[in-house]
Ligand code: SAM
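The chain below stands alone and is given in structure tokens; this is the form predicted alone.
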């Protein structure tokens, strides 16, 4: 799976992507990640005296805050698509243009978007080879970006990771990369490592068997020490359902 992230703050991803499971997935080439900064696609006269490249402007119709401009984002998407086409050409079996389009997903993060779920992540792994993640900022992105992408005959979805508002799409992008990556065979090492594919519960215990704290003993439930997997699974199901 190849992730293409469009963001004006690529440095925000550095520590998260270098650590733990995602870091190993990158190292072992189960996934790849490439960044596209919309600021890099802004040229004079939009560049100001301090070499600052503004990607936002005032919204038509008034309102608070600023809106991300369409042009630099569209150019970043076009660059990502060009890289995707280039990578496809290196494959021994060429695919048709329609097949290439269907293997690429474009996601725009929005509080009003469709709720992201594990089921979506599973489907994405089967459906896409490349995912373009558009991380907006400020008050949002010029709506014409979505319209133009649809005119390109490409699939675009508005997604939300929860019923709350964030300052940007970078955190949602990390959430998607994490959740989708763990669905890729080999990333977690064992299929059983997927919590959603085995009997699991948020109630878990580890060593020591008896934890002494402030004069009291806190013991691991006996069923977990029994070795009876049927009873253990029944116990976990009970904990899971309340």
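Nothing here was measured: the structure is a model prediction, and the numbers come from that model. Numbering follows the first chain given and starts at 1.
Keep in mind that the form predicted together with ligand SAM is missing from the display, and what follows is about it.
**Student:** With the partner left out of view, is residue 88 within 4.5 angstroms of ligand SAM in the model of the complex by any non-hydrogen atom?
**Tutor:** Residue-level check for residue 88: no, no contact with ligand SAM.
**Student:** According to a 4.5 angstroms non-hydrogen atom cut-off, is residue 104 in contact with ligand SAM in the model of the complex?
**Tutor:** Looking in the model of the complex, residue contacts with ligand SAM do not include residue 104, since no heavy atom lies within 4.5 Å.
**Student:** Residue-level contact is defined here as any heavy atom of the residue lying within 4.5 Å of ligand SAM in the model of the complex; does residue 151 satisfy this criterion?
**Tutor:** Judged by the heavy-atom cut-off of 4.5 Å, residue 151 is well away from ligand SAM in the model of the complex.
**Student:** Is residue 128 one of the residues lying within 4.5 Å of ligand SAM in the model of the complex, judged by heavy atom distances?
**Tutor:** Contact with ligand SAM, no.
**Student:** Using heavy atoms only and a 4.5 Å cut-off, determine which of 124, 84, 159, 74 is in contact with ligand SAM in the model of the complex.
**Tutor:** Of the listed residues, the single hit is 159.
**Student:** Going by heavy atoms within 4.5 Å, which of 27-35, 54-62, 202-210, 169-177 lines up against ligand SAM in the model of the complex?
**Tutor:** Checking each option against the 4.5 Å cut-off leaves 169-177.
**Student:** Looking at ligand SAM in the model of the complex, which residues in 130-160 have at least one heavy atom within 4.5 Å of it?
**Tutor:** 135, 136, 137, 138, 139, 140, 159, 160, in sequence order.
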